[in-house]
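Given next, in structure tokens, is a single chain: the form predicted alone.
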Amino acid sequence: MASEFEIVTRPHAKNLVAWAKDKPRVVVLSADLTTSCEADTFRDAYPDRFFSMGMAEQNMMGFAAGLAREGFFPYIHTFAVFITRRPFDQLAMSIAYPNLPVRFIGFLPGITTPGGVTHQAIDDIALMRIVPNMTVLEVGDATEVESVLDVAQSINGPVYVRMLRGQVPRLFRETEPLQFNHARIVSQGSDVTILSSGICTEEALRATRALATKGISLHHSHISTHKPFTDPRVLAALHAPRYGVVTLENHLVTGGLGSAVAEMMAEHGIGKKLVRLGLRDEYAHGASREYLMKKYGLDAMALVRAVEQLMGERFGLSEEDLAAVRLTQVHSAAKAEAL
């Protein structure tokens, strides 16, 4: 964990330019959302390696496949919904089937945008998990934003990244980059195991700190690799708790982290109770991130209630108690991201 929490502005935009400097075969494709997806700095730095494809995502998939077959490494930048829904057939048949090294950088995962159902990717992990050959990653803070490109580039085949943009908190030390299929163990305990991902990890940190003041022993792991989901550290964490397991994700509980954990528990005969927190067979609507996370039960208080449910007791924690351990006032005051 970082000793002091800070906000980093547009970490991907800055990192992409520096990271790609000595990688001439890395190219970036945009679907008319260049600035919104922080590819504008790359475009300005390396105009010959940037392709603006317009609002034609299906064609962009075929174009990226052709570049990959010629030895390039295309990095597609657009909103996650426009990667995983509209061109799904082209993605599967032109890129995943031949196992080409195309990297999909998907922005506005889940309810990180007030843009409503047309722009909120609440099912993207589920869709990409079912695609053979696809690797699925998700960043949770600025350190992971800055290190995920190295992981993606090291994988032989297509990679989907749930990316964060704009003002991103740094929760983890810069010296502790994202590692492939390797959960971050944030805290260790024996009462309840908590597995969180993406923006929900900040909420989980608030909840676990508050619960610790009540003497609750919690194991908390941050998940950044959704597929493959074979980390032995996760398996050990699922075996460990006395009362059960809670998953917290910025996604439908169907097909995402909650489903992956349920599958692992079933396949390994782990007879523990499981509470899955996330969107439940519903679409969200347009509003601020803070409002949506509270309304749909993706916030710290929802996690406290889940732990109470598993342990069969109430701990008397209030919203004020959770606010007192908010990780950074700057982040909590951040404005909702526009399109």
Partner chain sequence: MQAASSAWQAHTQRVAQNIRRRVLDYVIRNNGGYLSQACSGAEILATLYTRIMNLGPSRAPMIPAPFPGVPSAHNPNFFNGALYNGAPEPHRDRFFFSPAHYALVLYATLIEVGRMSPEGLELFNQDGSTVEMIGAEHSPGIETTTGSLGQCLSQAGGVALARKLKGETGRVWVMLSDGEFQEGQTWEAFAALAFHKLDNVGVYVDVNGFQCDGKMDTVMQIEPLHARLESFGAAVYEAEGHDMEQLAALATLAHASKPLVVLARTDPAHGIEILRARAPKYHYVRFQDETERAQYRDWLEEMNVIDTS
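Keep in mind that this is a model prediction, so the values were computed, not measured. Residue numbers count along the first chain shown, from 1.
There is another form of this protein, the form predicted in complex with the partner chain, and it is not shown here; the text below is about that form.
Across the proposed site, Arg10, Ala31 and Thr41 without exception lack any heavy atom within 4.5 Å of the partner chain in the predicted bound form. Contact with the partner chain in the predicted bound form, judged by any heavy atom within 4.5 Å, is made by just one of Ser36, Gln309, Ser52, Ser288: Ser52. Checking Tyr243, Tyr97, Phe180, Phe229 against the partner chain in the predicted bound form, a heavy atom within 4.5 Å turns up for just one residue: Tyr97. Residue contact check for Glu57: one or more of its heavy atoms lie within 4.5 Å of the partner chain in the predicted bound form. Within 4.5 Å of some heavy atom of the partner chain in the predicted bound form lies at least one heavy atom of Asp48. The shortest heavy atom separation between Gly62 and the partner chain in the predicted bound form is within 4.5 Å. Remark: Thr213 does not count among the residues lining the partner chain in the predicted bound form, judged by a heavy atom distance of 4.5 Å or less.
Note that among 89-97, 245-253, 202-210, 113-121, the stretch whose heavy atoms approach the partner chain to within 4.5 Å in the predicted bound form is 89-97. Contacts of stretch 293-319 with the partner chain in the predicted bound form, defined by any heavy atom lying within 4.5 Å, are made by none of its residues.
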